[in-house]
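One chain follows as structure tokens, the form predicted on its own.
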């Protein structure tokens, strides 16, 4: 059965949720969880099945995406300023990318969504009620999947691939520790704790990302197929 679209709050003015005929699929997970790789694999799989696919994510707004990236490079943004910057980026994408694509019947693959933004802000002390209000314009996704990988394993993946730790993704602005590796583990542990709380409220799926790429892909495909190609529609 197709579930009618709705927003988490009042939504965008003048937008009828009934007009949003596409599917919104969200893939959440920490940096290093395989989220971006899986998004690319799922895009190819969906397009081969005949679905038109478009992407959204963090810092992809044409309005403020570049400015947000530049501001983060200075490592001086306050938690509230950073939060509002990301909220502006997200709101612009809702109005100019997500809603138009859903109206056109696309599958919208979101490489992270409001849950990452909320989790980051909560760890930095933001009030959950304020965040619910900020993101009340967000369409409720048809499916949300959170890829879980233990923080120590995430760190090992960064080291193995020769990647530098990100200042913000390591929580260095919070003051856990002067040691980047220690701060990363503590920050990612807190993020996972908050994601577990958000999962109870928003009911998204949790998938073990600490497996082979192929095993994770098969798991994701099975869950997404049930949403974009439900059995009753295939029979019709």
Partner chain sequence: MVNKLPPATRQPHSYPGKLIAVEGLDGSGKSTQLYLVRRWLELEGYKVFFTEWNSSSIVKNATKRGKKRNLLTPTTFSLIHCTDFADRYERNILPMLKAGFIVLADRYKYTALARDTVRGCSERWVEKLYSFAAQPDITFYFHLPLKTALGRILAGRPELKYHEAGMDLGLSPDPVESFKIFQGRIHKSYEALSKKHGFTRIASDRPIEAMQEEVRDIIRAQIDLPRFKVVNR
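Numbering follows the first chain given and starts at 1. Predicted model, so just to flag it, every value in this text is computed and none were measured.
There is also a form predicted together with the partner chain; it is not shown, and the following applies to it.
In the predicted complex, at least one heavy atom of residue 121 sits within 4.5 Å of the partner chain. A residue is said to contact a partner when one of its heavy atoms sits within 4.5 Å of a partner heavy atom; residue 79 meets this definition for the partner chain in the predicted complex. Mapping the unseen interface onto this chain, residue 88 counts among the residues with a heavy atom inside 4.5 Å of the partner chain in the predicted complex. In the predicted complex, none of the heavy atoms of residue 169 sits within 4.5 Å of a heavy atom of the partner chain. This chain lacks the partner; the member of 84, 165, 143, 104 within 4.5 angstroms of the partner chain in the predicted complex by a non-hydrogen atom is 84. Note on the partner interface in the predicted complex: the residue among 173, 205, 31, 182 having a heavy atom within 4.5 angstroms of the partner chain is 173. Annotated contact segment (heavy atom within 4.5 Å of the partner chain in the predicted complex): 55-63, selected among 37-45, 55-63, 23-31, 197-205. In the predicted complex, 129, 130, 133, 134, 136, 137 are the residues of 129-144 with at least one heavy atom within 4.5 Å of the partner chain, listed from first to last.
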